[in-house]
Every structure is written in C-alpha cells, then in structure tokens.
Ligand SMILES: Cc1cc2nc3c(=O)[nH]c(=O)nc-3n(C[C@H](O)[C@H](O)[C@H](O)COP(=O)(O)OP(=O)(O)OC[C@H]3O[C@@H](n4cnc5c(N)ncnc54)[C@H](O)[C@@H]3O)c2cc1C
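In the block that follows, a single chain appears as structure tokens, in the form predicted alone.
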C-alpha cells in the first residue's frame, strides 16, 4: 500500500475472526475491500487467545443478538469448516450442576428447547456410567458444541478474501478514524490516509477508541481478563466439561484441543488495561474450581498457559451484555459501523456477524 492517500469501497480495521469474516463477505460480493491489521498477521490478539470453542447457543437469554448470532453462526461455521477442510471436532460438552444449582441448569435446558438447540438432561445413573470421574448432582449434554483450530480458520478466511480480490495490509496501525466533508477515512501510523465508502471498525480491544469523535455514545471500555492453565497428562473425559455460568463468564471449564490436550479456564478478572500475563500463584484457585466437578484433578499438573482479554462495555455503570453495532451515516454517503463488545462467543458468531454487517450497509 502506498503512503499518502488510498481510496477503496470498503475498509475493515482488524483482522481477527470477525474482521476477516466481514472483509471476506464483502469481497465475495464483488466489493473493493482493504483489510488492515496492526500485527504481523491477522488473528494474533483476541482470536488467538480464546478457548477455540464453537458454542451451541445456550447461555444468552439476556443477550438476544448474541443468542441469535451464536445459533446461526454455529451452523455457518461447521458448514464452512467442512467445506474448507478447516480442522474441527464436534466433541459436545457437559454442563454440570452442584447441589442447589439444578434450577439454573433446568432454565438453560428450557431455553435450549425453546430455541431448538440440541440439549439433553442426563440422569444420575447415566452420569455415573459414562463419566465416573465427574462429581455433580445433574448434567446437561450439548452435542452441538465443538472446537476449531482458530489459526487455520482465520488463515482460510483470509485466503478466501484475497482470492476474491481483497487486499490485506498487516503491520498497519490505525491511529484514528476521521470524518470530513461527509467522508470517512482512517489515519495510519505511517501517515497513510485510507478513505472508504464503508468503514468497518472491528478492532477488538481498540474498537471503542476508534469510534469517530462525532459519533455520539456513552459506552466505556470494560476489560475482563481470562487466564488458562494447561494440564500435563490425560484427563478421563472426551468431551468439554463446564460448570454453570457465574457472574462475568462461563466458569473455569475443561477444554480440549484437537490433539486431545487439556486446559482449564478462563477465570475472570476486571483489569484497567490489557495484560496477558498468567500468574502461577493462581494455580490454587484454578485447582479448587476444577476439583468441584473433577475431584481427581492433580494440582501439580496445572501450569500457566496463556490469557485473553474480553472487550466488554459499560453503559451508565452497568455491564453491557450484548454485541453492539454502532452505526454512523455521513452526509456525503459514507458509512461507519463499529463492532463493540465483541467478546465470547464472537469466534462462533464470526460468519453471522459478517452477514449482519453486510445487510446493514
């Protein structure tokens, strides 16, 4: 990309799973698209720091946009992975309840049934026979939950984008998005100005900062840090195991990668600024949480792995539970859409978000 001034139909800022999906969707529709990412390659920040889970759509009764997009996105993502040979496994998962937690588990099951999301409550006998190492009073089985190789997914999305004529520009740090004379333009750190008819701000942790000054809103950033611990050796489960969701997250759960290696996480910690360090002293906290549903967990086999930051929002002091599509239509015809609060299950929703953004513009 030449320094100075560049003009395109569509500019997408941020090349994570959502940004790459949005850019691909516009390029496949025949639009002229530039995708810029601040890192050496797309997907190195948020998208590479989650659990890689394809969520079923069970938890989002208070987040109607997330719920709709998770259910739609799950089907699109499985279909895409099969078509493009992106590595994935539909392992399924168990949500386990301890004493006094059964009413919440039943509510999740009822919501799943209402949304036609496959789910089944297991009897105590079934749990003992199939999962002898598990400690719980009740469990819900979610057969449509899975895992995906996130980096392979993003690489495939970007290859589709480029094959359709899209231009990817990495190590391109966007300082700000400006509006002038009815036009939208991004100012890059190297001095390049990119003017576009449509700007999609999918900058993840930086998305709120890049909302143009003239776009009115009252949102504030609220970062939730989640750390993961890996587990040395095998675990007696071939499926993902989740406790019931707690305030701020889905609880410290067991996830597996495509090689069968186990890790536990994430916890939830509110932080003022992104910080990706994992504290070894949190091993005890993780071990205590895991032992509630797997008493056989050996704390000595837990090792700090990685951490991610969820880009959530606050509005008037309250956490915003849903995705936000903040639109601005300029007098000159340009449009800006800022994708805010795109935390979990953003990976699952990426293709559905792309559909939504395309329809909006």
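Residue numbers count along the first chain shown, from 1. Just so we're clear, the structure is a prediction, and the values are computed from it rather than from any experiment.
Here the subject shifts to the form predicted in complex with this ligand, a form of this protein not shown in this document.
Residue 153: heavy atom within 4.5 Å of this ligand in the predicted bound form? No - in the predicted bound form, heavy atoms of residue 153 and this ligand never come within 4.5 Å of each other.
Is residue 157 a contact residue for this ligand in the predicted bound form, using a 4.5 Å heavy atom cut-off? Result no; residue 157 lies far from this ligand in the predicted bound form.
Considering non-hydrogen atoms and a 4.5 Å limit, does this ligand approach residue 206 in the predicted bound form? Yes, residue 206 is a contact residue.
Hey, in the predicted bound form, is residue 210 touching this ligand, heavy atoms inside 4.5 Å? Flag for residue 210 set to yes.
Within 4.5 Å, heavy atoms only, one stretch in 134 to 142, 111 to 119, 167 to 175, 280 to 288 touches this ligand in the predicted bound form. Which? Selected stretch: 167 to 175.
May I ask whether 15, 228 and 348 each come within 4.5 Å of this ligand in the predicted bound form, counting any non-hydrogen atom? All of them do, each having a heavy atom within 4.5 Å of the partner.
Considering this ligand in the predicted bound form, which of 313, 27, 302, 309 comes within 4.5 Å of it through any heavy atom? Of the listed residues, the single hit is 309.
Listed residue that, although this ligand is not shown, lies within 4.5 Å of it in the predicted bound form (heavy atoms), from 297, 34, 45, 58: Only one option qualifies, and that one is 45.
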